[in-house]
Ligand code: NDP
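Heads up, the chain below is alone and in the form predicted on its own; it's given as structure tokens.
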Amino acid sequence: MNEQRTERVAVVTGASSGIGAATARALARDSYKVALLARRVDRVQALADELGDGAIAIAADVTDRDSLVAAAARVKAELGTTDVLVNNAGVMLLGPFSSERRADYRQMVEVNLLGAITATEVFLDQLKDGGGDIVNISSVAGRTARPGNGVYAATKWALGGWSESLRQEFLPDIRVTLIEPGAVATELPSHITDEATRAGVEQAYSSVQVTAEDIADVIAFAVGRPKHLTINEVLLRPANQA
């Protein structure tokens, strides 16, 4: 069982920045070996160099199953069996609903929802080998919706439902934790393609004091609990967020 192993292995998707990078650092501090998965391989390589021995950078796209299969094989060969999978890769392409933004909608569904599903499916056999943890990074938008975030919210609501199903299906062997952050100071708003929406969100986020490191600390705490305890869901916001 995992509690008998002296070293655990964590895989973090979307590890090139924000919550993913911060989570990798937090888990490395807790003596995990860490596999850093992202499309921006230069960034994850720099992070792997920073973390030193026990960290590897892997170019992988969660929308490309073949790249995840190759990543899983490399993780097992170089680090060992995966104990923790953090499904962090995601995009937040907010804006008014219209046909002109259909590419954004497809990207959010493919990355935020199908990407997490595919990564979990690919790493599942490793996670079952003695028990493991799946951490799905959702959002406050997985509990509430507002104008301009409909498809983004849809992906996060779906992630919540899927996570609860997995929790029941895999217990007691694999723990499933859903993390639902509110506003966090990351680069996520800069990816918004609708200019007016991006400007508004960046302005709103300019005063946000919650950091990626704050979220990473919560993730590290959750997966670090004794195996007889599972933290299923964590909703967290800046103290001044309505």
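Owing to the predicted nature of the structure, the values given are computational and were not obtained by experimental measurement. One rule holds for the numbers: they count along the sequence shown, beginning at 1.
Keep in mind that the form predicted together with this ligand is not shown, yet the notes after this line are about it.
- Within 4.5 Å of this ligand in the predicted bound form, a heavy atom is found for not a single one of 26, 135 and 160.
- Proximity to this ligand in the predicted bound form, taken as a non-hydrogen atom within 4.5 angstroms, holds for one residue of 166, 109, 91, 117, which is 91.
- Of the residues 216, 188, 178, 48, just one reaches this ligand in the predicted bound form with a heavy atom at 4.5 Å or closer; this is 188.
- Contact annotation: residue 200 falls outside 4.5 Å of this ligand in the predicted bound form, judged by heavy atom distances.
- When this ligand is considered in the predicted bound form, residue 40 lines it closely, a heavy atom lying within 4.5 Å.
- Contact check for residue 183: a heavy atom falls within 4.5 Å of this ligand in the predicted bound form.
- Shown alone here, residue 194 lies farther than 4.5 Å from this ligand in the predicted bound form, counting heavy atoms only.
- Contact with this ligand, judged by heavy atoms within 4.5 Å in the predicted bound form, is confined among 75 to 83, 149 to 157, 98 to 106, 124 to 132 to 149 to 157.
- Residues from 11 to 35 that approach this ligand in the predicted bound form with a non-hydrogen atom closer than or equal to 4.5 Å are 14, 15, 16, 17, 18, 19, 20, in the order they occur in the chain.
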